[in-house]
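Take a look at this single chain in structure tokens; it is the form predicted alone.
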């Protein structure tokens, strides 16, 4: 008899780095050099106001952008309300507003 604990094990995710597009990442790093200072601590995600209303995880978006997995990120970034709470709690003092706005801009341009 199988016992249900109310959760399932996530499928593993393999990213083939040979198929990733790093051009947008290099553009973002040129426009907003502070992007490199992020250490992926998750403080921004923990305090995000948008998360109360929609499923939004800025840490995940940043990780996917860094790995060149750009599919669907424009829709995810549109969920950000640019309230600035993430900037207040960032231990590195990153201003995430220009980073998010530049990500949006780069994802909509070819």
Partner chain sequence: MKKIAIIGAGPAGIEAASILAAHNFEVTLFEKSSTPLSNILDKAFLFPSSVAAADLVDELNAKLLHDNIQLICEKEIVNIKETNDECKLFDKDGKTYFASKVLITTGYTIFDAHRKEELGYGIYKGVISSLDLEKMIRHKQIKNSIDELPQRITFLQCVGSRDEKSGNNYCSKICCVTAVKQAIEARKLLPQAEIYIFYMDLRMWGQTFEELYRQSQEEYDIRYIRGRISEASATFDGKVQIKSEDTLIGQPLKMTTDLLVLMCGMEPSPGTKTLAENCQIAGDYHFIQTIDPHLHDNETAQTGIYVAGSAKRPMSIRDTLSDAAAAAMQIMSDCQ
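Numbering follows the first chain given and starts at 1. Just so it is clear, the model here is predicted, and its values are computed rather than measured.
Here the subject shifts to the form predicted together with the partner chain, a form of this protein not shown in this document.
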Find out whether any non-hydrogen atom of residue 87 is located within 4.5 angstroms of the partner chain in the predicted bound form, and reply yes or no.
yes
Although the partner chain is absent from this view, report whether residue 67 comes within 4.5 Å of it in the predicted bound form, heavy atoms only.
no
Using 4.5 Å between non-hydrogen atoms, is residue 30 touching the partner chain in the predicted bound form?
no
Although the partner isn't part of this model, could you tell me whether residue 43 comes within 4.5 Å of the partner chain in the predicted bound form, counting any heavy atom of the residue?
yes
When the partner chain is considered in the predicted bound form, the residues of 22-40 having a heavy atom within 4.5 Å of it are 37, 39, 40
